[in-house]
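Coming up are structure 1 and structure 2: the same protein chain in two forms, each one given alone as structure tokens.
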Structure 1
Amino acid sequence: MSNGVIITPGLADGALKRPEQSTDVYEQAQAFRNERRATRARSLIAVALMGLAFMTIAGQLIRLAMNGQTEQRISISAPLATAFARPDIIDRHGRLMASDIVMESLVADPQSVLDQQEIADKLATVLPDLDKKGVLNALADRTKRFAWIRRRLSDAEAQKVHDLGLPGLDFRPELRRSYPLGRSAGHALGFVNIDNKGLQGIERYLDKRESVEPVHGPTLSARAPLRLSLDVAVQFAVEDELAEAMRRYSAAAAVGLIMDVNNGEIVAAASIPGLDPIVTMDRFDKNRIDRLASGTYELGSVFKAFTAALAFEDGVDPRARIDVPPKLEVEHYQISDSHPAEGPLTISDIFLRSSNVGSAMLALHSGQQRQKAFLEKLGLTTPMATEAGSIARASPPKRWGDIETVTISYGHGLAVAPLQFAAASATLINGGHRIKPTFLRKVGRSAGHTERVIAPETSQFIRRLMRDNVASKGGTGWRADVPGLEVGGKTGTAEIPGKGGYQAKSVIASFLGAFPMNKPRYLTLVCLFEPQGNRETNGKITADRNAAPTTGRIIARVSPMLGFLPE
């Protein structure tokens, strides 16, 4: 340093030893400067690259931050409610009967609500049936961050609430089950709870079959729809005719059924007054119970079809004439007919005249054990269920003696659900095969696949009796006849038990029908509860005057829909 030579780490040791060589020093200094410039340039490049990298990262951060703002919704924290996504329910032709839709529910964050009273008051202006007290209670607990205000608003209601611009409120989309047909087939379809879980009917069956998926949000089910055996058009026609019959005969209630006798498919099942699956109050209305499957009733003379079948199975010759007295005494009870026989009767006469005494004699001929076993074999007294739920179990008498055998022969003393009665009756008509009633479409299943429980000859005999009962004026069911179509059937008028015994003026009028009788395909059952007499019925309340013509009108209306044209 003292001799003026700049010593740098970059110079070779030899250079220091030769200070006299000024040109070399100059060159070395120049080289050093160049080296320093290069180093600075490299540093600048490195800094620039680093800067670029940081700027890129910063840029991305800014972009993400900005994009992130749109993604993050300020939402009310709430426990994720579990709902159930359900598949559609369709009829046999694919027409929609039940489906999930997404609706908005109104929720609130009690902490964000400034004025609870204002919220309740303003909401009540757009939701008139709102429970203001309930809203105030829900908003009172400010420790909570979530409260339901109103589940499932319509679009119009949601828009009105939105327009109020109230702080602390928000909407949450939820699944809701909708039933576009209203009350039609409501009993069969059943209903769901607020979380879309099936509680009754086919809806419950869907849950049992694990066709529903628990979801956290408004996710529609992607599963295939459940195809029922019901036909929406036939169902409506039956309901419409039953409603008309109720009006015409001033009946308290009515049930109607159309069933395929070969495979048990239920094409129409109506119990009027009906049940709307979304109207909660309907479920608690005793008048709206499903009389077809949930109630058991004594159905009267329609049971004589079983009695005649049993007698035939037990070898009573259809040509044999039985001396039927005007009155019969069994265990101190007197059995009589409204129109006593004027001579010996065949089974056919007993059936067509609907003779109680004649039926009693046929039943006594078979005996209580045979009768009991026969009814059990047909499935009348054993537990039965459909996809819509269990059918109310028949209550056989505790003591099945002679008098019970006699009363059961003409439909008293054994209360059954009309649906179970219809399923047992189908065996009498379809050639003797026991069937299981079903609400599901069963493609390709025929009678040959079911267990045969009575002889085909017995079935043919009963079919003939039923046809004669409608085709001949001497039968009780001629008012059910439909020109061009072979309809058969049996009437039944059962007095309803009440205080002090059976009520003569309060009856269930039934008609068990089938068509076409040359090759039966469909069974019909109509029951009118407590019909009243009128001018048309000549003041009478018996089934031949009300249930039979109602069945005729139903068959005339639905047979073309079912593919049967007049010949």
Structure 2
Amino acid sequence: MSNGVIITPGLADGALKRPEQSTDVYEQAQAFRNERRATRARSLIAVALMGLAFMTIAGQLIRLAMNGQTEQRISISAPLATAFARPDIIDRHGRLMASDIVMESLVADPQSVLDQQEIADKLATVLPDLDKKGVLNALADRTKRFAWIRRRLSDAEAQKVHDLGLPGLDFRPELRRSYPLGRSAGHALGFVNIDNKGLQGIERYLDKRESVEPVHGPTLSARAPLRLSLDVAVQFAVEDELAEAMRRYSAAAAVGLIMDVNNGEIVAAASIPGLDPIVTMDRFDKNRIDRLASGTYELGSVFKAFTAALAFEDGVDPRARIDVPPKLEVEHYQISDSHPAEGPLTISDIFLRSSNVGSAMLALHSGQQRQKAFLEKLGLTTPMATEAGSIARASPPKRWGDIETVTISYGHGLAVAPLQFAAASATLINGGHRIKPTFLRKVGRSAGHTERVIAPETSQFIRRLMRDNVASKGGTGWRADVPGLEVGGKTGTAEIPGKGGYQAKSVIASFLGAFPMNKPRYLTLVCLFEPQGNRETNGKITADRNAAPTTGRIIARVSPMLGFLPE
């Protein structure tokens, strides 16, 4: 042993012998190197396979891109239909008149439908008015994944369809406008389309003032309700009495209105037959037009209130007696009264007797220019609108000469919408202030006032005439009287123009009323279209026999609701 090194015989000089422990370490290192080589090989194989997969996908994409597709096509299971969430509509006391509700709509996936004819036939058993041909057309295109079958089913209808168990059908919740009062106030409320967008009436007003919100799905509006001036209870009473009057006098239609003369608030607005906002066919029924605002008519002797007011404004002394002849000739036309006067008449006498000849003489005294300007000043001949929409524009004569001045003085020759006539008449009653009619609840009784257009004394004079016309048995309106309420008013019976001239047996019978006349608050207007005579009216069709008593019944019924009890 030299320096700790063992020399082993038989080995070359300098060769070293590894100890046993060193041999084990060497073998472990070699095994590690082999394992690492294997892992690297497996990783390379995995990367190669992934690269091959990506190359395959890329090749497929290139093949599809070069396969002649010239336009981009996107397939979706259902369209994103935009609807509109609408706030509630309530009456002046907070009672609900219109609201959104969630309803199920029936949809289909044409690709999942097994038998199109079976779908149409079985659906028709639970939906009798279903358009089977339309369903077949909707399901015919197998490339589509969505088709509307029926929008907004009732809960009962949806359950019946569900129970059929037809493959390919499904339900989708949507908003639908609901009108719990049915046809009551339907013309004023208006209606919406299939997507809940307002088309007419107050509903359209909501859209114009941007009170609706576009939504996807059944999302209810969080906006505050729109409060109207209408009173649901008063509205129902007016409609009920008008329907009874139509039955009693065999009338074709009827109109009724109650308005606050101080601020223009419309408390009730009725046109019978009414319109149900959710019944589509009602919108196209000519018998269901809104005669209160959408039609213009010659209303007859109710216009004599304007004639008397103009005469008073022009300085005719109410005590002065005017020689009123039995007949008056104007431009080769003869004007006469059914009951000619037997002596001179005052303005009051002309009004109470409803004399056409006397009214004609008063109008000629003022002249056509003054008459035209006066009616325009009251707002009778100028364009007018409410939140429910535009009011049909008045139809003045193309030529406004002496004969037109005469006929207009007693309500012929100038056709107006009853609502516009009522708004102009309110000026005669409220002290002379011109008002704008409104369906919105106002704050304060004078909120609707504009400028004063006639003297307070003129308004006071007309109020006295209207009260005398009802309180006196000599007046034409005594059948409208309600004991203890001081009702005032004026009758009007206008022949309806037709082929060959005016039709003597076809009239519009009207009554313009107001109460209480000592301090007027409410104006009423009733128009009966083509009433017939009966035993109660002694065969007559004039307004004093039908429109006047109808007004009396309405006022007696609604006055307690409006805070007025007979004294």
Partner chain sequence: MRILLTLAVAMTFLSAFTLYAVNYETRGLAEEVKLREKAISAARRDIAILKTERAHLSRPERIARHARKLGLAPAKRNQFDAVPGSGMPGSVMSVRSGEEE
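Only a predicted model underlies this, so the values are computations on that prediction, with no experimental measurement involved. By convention here, residues take numbers in order along the sequence of structure 1, the first being 1. Between two forms, the rigid core is defined as the largest C-alpha subset superposing within 1.5 Å.
Participant: Which one here is the form predicted together with the partner chain?
Facilitator: Form predicted together with the partner chain: structure 1.
Participant: For residue 504, state whether the C-alpha moves by 2 Å or more between structure 1 and structure 2 after rigid core superposition.
Facilitator: Moves: no, less than 2 Å.
Participant: Core-aligned, does residue 535 move its Cα 2 Å or more between structure 1 and structure 2?
Facilitator: After core superposition, the C-alpha of residue 535 moves less than 2 Å between structure 1 and structure 2.
Participant: Core aligned, does the CA of residue 519 move at least 2 Å between structure 1 and structure 2?
Facilitator: No, shifts by less than 2 Å.
Participant: How many Å does the Cα of residue 49 travel between structure 1 and structure 2 when the structures are matched on their rigid core?
Facilitator: A shift of 29.6 Å at the C-alpha.
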